[in-house]
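First, one chain by itself in structure tokens, the form predicted on its own.
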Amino acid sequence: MAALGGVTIASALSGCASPTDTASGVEQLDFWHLLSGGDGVTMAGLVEKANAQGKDFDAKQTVLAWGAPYYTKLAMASVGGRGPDTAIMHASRVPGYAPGGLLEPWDLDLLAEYGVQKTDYVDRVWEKGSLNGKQYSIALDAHPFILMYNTDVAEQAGALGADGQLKKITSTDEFVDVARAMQAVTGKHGLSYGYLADGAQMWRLWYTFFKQQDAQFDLSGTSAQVDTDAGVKAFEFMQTLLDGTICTPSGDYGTALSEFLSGDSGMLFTGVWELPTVLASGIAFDAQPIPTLFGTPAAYADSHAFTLPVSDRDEKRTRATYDFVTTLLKGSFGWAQAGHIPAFQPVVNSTEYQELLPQAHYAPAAEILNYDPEAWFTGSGSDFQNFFLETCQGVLLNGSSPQAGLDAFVARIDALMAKPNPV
């Protein structure tokens, strides 16, 4: 990793103040993120490419452990005014940080000067970075929950249309029929979906089906306002899928992925981040947004987004930071190759991207994405999804009451809402 763009692994907060300029006048920028594995290698390559363009910045990456360790250290650095020049956050976490004064808003005029503006974004992706009339994050991508499918299995099941893609599915009954037809081909399962001991996986699919009912999960008041009828309906359909024939009722994430890659199932519910793994397997597959089964197009998603943690940037360093971030946005085709949907629409609208498959087939998911309900305790890497696991896993694993599980989850959320934002 160190060879790919100057990556360092931070083990402490000492020394995280911005370094001085080099003798050449190039600004040495600190860039923090939590991207590891294949995403980390891809980001390192993008940073290296940006640094090589001969501009007035040279960015050094600091990669911190995903989840709570990252967000805790970022908050500590920002409180002390020693934050990095820019840092990646999940867009769903920004509402918990900006109100506490841990982030500085972006100067939209300066951003436009470097060639990035609101009109370059899908509305709901841009608006997710806004709070109280200020823009606190600029999205790099959208990474939704999608449906991948084995085209060989789908063809044998009679599920492909004349265009070679999965026929349009518009109801739960149609989806079940297609899944059972694929199961007849594989002899094992029609669908793979891993959720066991994984609150994030549970939440992503449930929230997709919940929002497809145009249902509300509002955390803006003193208690959670949740459409429990829609929530129960989503759980009941998930129970139908986890019947042991369509899909195993007790699969974890890794097992579900392996099953799909080995051809033992025809479809897979997963995130776009899994694209490199599926491509490497060599199976014939395609991908699309999760079919609209409940009337309203919707998909769970989050975004990796650039933020400005509180720091002592002067004007020159600020301009270098804006130049660096916008350079990465304009060069995000490489990020698209790794599976993520670029948030910067000129990249998505390019001929190069439209010829990139299956990415171009699932890119419309960015138009229908839904982020976590806004609260200080929600978002990727938070305990919110763990609480969903603790209260609702039995609904899927043991067939326990969807109403009871959802009521327990809402009660847990209400207890959190009574507490102040710790940051």
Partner chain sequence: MSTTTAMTTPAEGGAVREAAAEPQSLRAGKKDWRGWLFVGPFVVLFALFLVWPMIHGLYLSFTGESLTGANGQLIGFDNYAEAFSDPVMWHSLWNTVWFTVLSTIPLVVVALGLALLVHQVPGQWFWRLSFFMPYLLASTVVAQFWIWMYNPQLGLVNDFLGNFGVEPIAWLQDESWAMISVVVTTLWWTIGFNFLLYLAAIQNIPEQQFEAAALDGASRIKQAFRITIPQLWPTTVLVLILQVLASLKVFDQIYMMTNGGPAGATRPIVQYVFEVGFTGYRFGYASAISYIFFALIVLVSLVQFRITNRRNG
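This structure is a prediction, so every number in the text was calculated from the model and none was measured. Residue numbers count along the first chain shown, from 1.
Omitted here: the form predicted in complex with its partner chain. The next part is about that form.
Triple contact flag Gly96, Gly100 and Gly251 to its partner chain in the predicted bound form, non-hydrogen atom at 4.5 angstroms: Checking in the predicted bound form: Gly96, Gly100 and Gly251 are all within 4.5 Å of its partner chain.
Distance check, Met76 to its partner chain in the predicted bound form, heavy atom within 4.5 Å: Yes.
Proximity of Leu356 to its partner chain in the predicted bound form, heavy atoms at 4.5 Å: Output for Leu356 is no: heavy atoms all beyond 4.5 Å of its partner chain.
Its partner chain contact at Asp58 in the predicted bound form, heavy atom, 4.5 Å: No, Asp58 stays farther than 4.5 Å from its partner chain in the predicted bound form.
is_contact(Gln28, its partner chain) in the predicted bound form, heavy atom dist at most 4.5 Å: No, Gln28 sits far enough from its partner chain in the predicted bound form that none of its heavy atoms falls within 4.5 Å.
Heavy atom contact within 4.5 Å of its partner chain in the predicted bound form, the stretch among 68 to 76, 141 to 149, 227 to 235, 270 to 278: Stretch 68 to 76 is the one.
Contact residue in the predicted bound form, chosen from Glu48, Asp383, Glu367, Glu374 - any heavy atom within 4.5 Å of its partner chain: Checked against the cut-off, the match is Asp383.
Contact assignment for its partner chain in the predicted bound form, among Val185, Ile246, Ala338, Leu196, heavy atom within 4.5 Å: Comparing distances to its partner chain in the predicted bound form, the residue within 4.5 Å is Leu196.
In the predicted bound form, residues of 399 to 423 near its partner chain [heavy atom within 4.5 Å]: In sequence order, Arg412, Lys419, Pro420, Asn421, Pro422, Val423 come within 4.5 Å of the partner.
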